[in-house]
Each structure stands twice: as structure tokens, then as C-alpha cells.
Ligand code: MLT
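One chain is shown next in C-alpha cells, namely the form predicted on its own.
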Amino acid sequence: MQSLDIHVHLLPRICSPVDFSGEVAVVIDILRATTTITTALANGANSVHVVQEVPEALALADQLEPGTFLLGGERHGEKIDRFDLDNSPLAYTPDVVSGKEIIFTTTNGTRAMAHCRMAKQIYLGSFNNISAIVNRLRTESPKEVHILCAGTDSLITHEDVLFAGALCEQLGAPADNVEPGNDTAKLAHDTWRAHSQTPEQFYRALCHSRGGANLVKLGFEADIQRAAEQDLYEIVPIYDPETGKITA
């Protein structure tokens, strides 16, 4: 692998789309959008169409043949009225999503994807597919990787920072040929090292994060447990900003 600089951006609102221009981006919304999208594609969904607003999702649904698609997503953690599915990865089972198009909108994750629209390649990362992401990046050997944390309601979330740090470590940073490209990458790596000494410590950190605490309140602790599982899937979701479509 050639020399690699890893840049971590803690929120879309504190970086510019220009920062991603011509580079490789990895978007992360651990609790739960990128975890759920990865699950849907791994379980046989044809693709996931991401949109920003609920009316966009309903308008797109009107253009598709009934029975060929599902509406999925959330607003502030809860299922949207008239939608088939929420944002729980546990809901996107093979018997539900196989062969279907998913129209998907969330409070934070889908907006982060659109923020990276100037990147030459946009991947979605989660703990469920972290090794697949690492292997893809090692194969492609880009000079820079930009990791964007979606956050929660425009605020930094611990769970996304933890994943950013884990990805830095698995890519080999810090090393002679793999370096944090900004101090935020160093901060993320330090955060991961501080909270991943045991699986129990890592899981507690997810539960006590902003996103995790919200899910616990809503009764979705099982989703946190699923999001914490590493390497369930070997796929790499790829987002096309021109079509809004994600494929594996």
C-alpha cells in the first residue's frame, strides 16, 4: 500500500463538500443508517435509494411498481408514518428485503452521504463490514481517505468517532506509510484505543454515546448490540450521488 493520509471529519456542518473533491470518502452513521443499509444489501435488497425528505421518498415510491419496493427510515429514531420499515437493521431480514428496492431517508446519515457528493468514490462503513472496507481501501491504494461522521442532530456522536478510530487503526495508522491527515484522525484513534480494551467496554461506550442513549430510551438496545458486531458481512456499499442509489 502506498503512502496514505487519513482525514476524519466529525460532522458535515464543520467541513465543506469541497474537502472531498476527487478523493475517496467513507460515510459512517453507526447508529444506525450505514449499519442498516449494509444489512439490507447483504440480505438481498437490489439497491437502496436515499433521499433527504419524506415527500421525496413518497414521490419516488409513486414512480415504482407496487410490490417491488419498500419505504424505510426514521425521523428522530422512530418509524415514519406510511413507511414499511424503520431504521432498525434487525428489520431488514432476507425474507423482507430480498429482491426489493429500498427507498430510504434518515435524520442524519442520508444527509452526510449527500455532503460527500464531490468525492470520486463514496463507501458506507459500519462495524458489521469494517474488514471489507479496509480490504477495499488497501486494494485501491488511494493517497487520501476522508472519513465523515454523520453525528446526531448536528452534534458529534461518540459511536461514529469510535468507528473512525477503529478504521484508522485497521488501515495501519500511525505507521511510516499511513498517517493521520489531521488532528481529528488522531483524536478518533485515541478514542478507539481508550474504549476498546474489551468487548464489554466497547459496548458500554456505544450505549452511553449520544446516539446510543437515544436508542436505549426508545427501546432499541438490540440494534446497538447488532451494530457492535464486527465483520458480519463482506460487502462494501457504494453510494452514487448522481442517482442517490447505493449498491453493493
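All figures in this text were calculated on a predicted structure; none of them were measured in a lab. We number the residues from 1 along the sequence you see.
Quick note: we don't show the form predicted in complex with D-malate, though the next part is all about it.
Taking 70, 205, 41, 215 one by one, only a single residue has any non-hydrogen atom within 4.5 Å of D-malate in the predicted bound form, and it is 215. Contact with D-malate in the predicted bound form, judged by any heavy atom within 4.5 Å, is made by just one of 48, 26, 33, 188: 33. Contact check for residue 109: a non-hydrogen atom falls within 4.5 Å of D-malate in the predicted bound form.
Shown alone here, residue 87 lies within 4.5 Å of D-malate in the predicted bound form, counting heavy atoms only. Remark: residue 165 does not count among the residues lining D-malate in the predicted bound form, judged by a heavy atom distance of 4.5 Å or less. Across the options 167-175, 141-149, 101-109, 128-136, residues that bring heavy atoms within 4.5 Å of D-malate in the predicted bound form belong to 101-109. Of all the residues from 53-92, those having a non-hydrogen atom no more than 4.5 Å from D-malate in the predicted bound form are 74, 77, 87.
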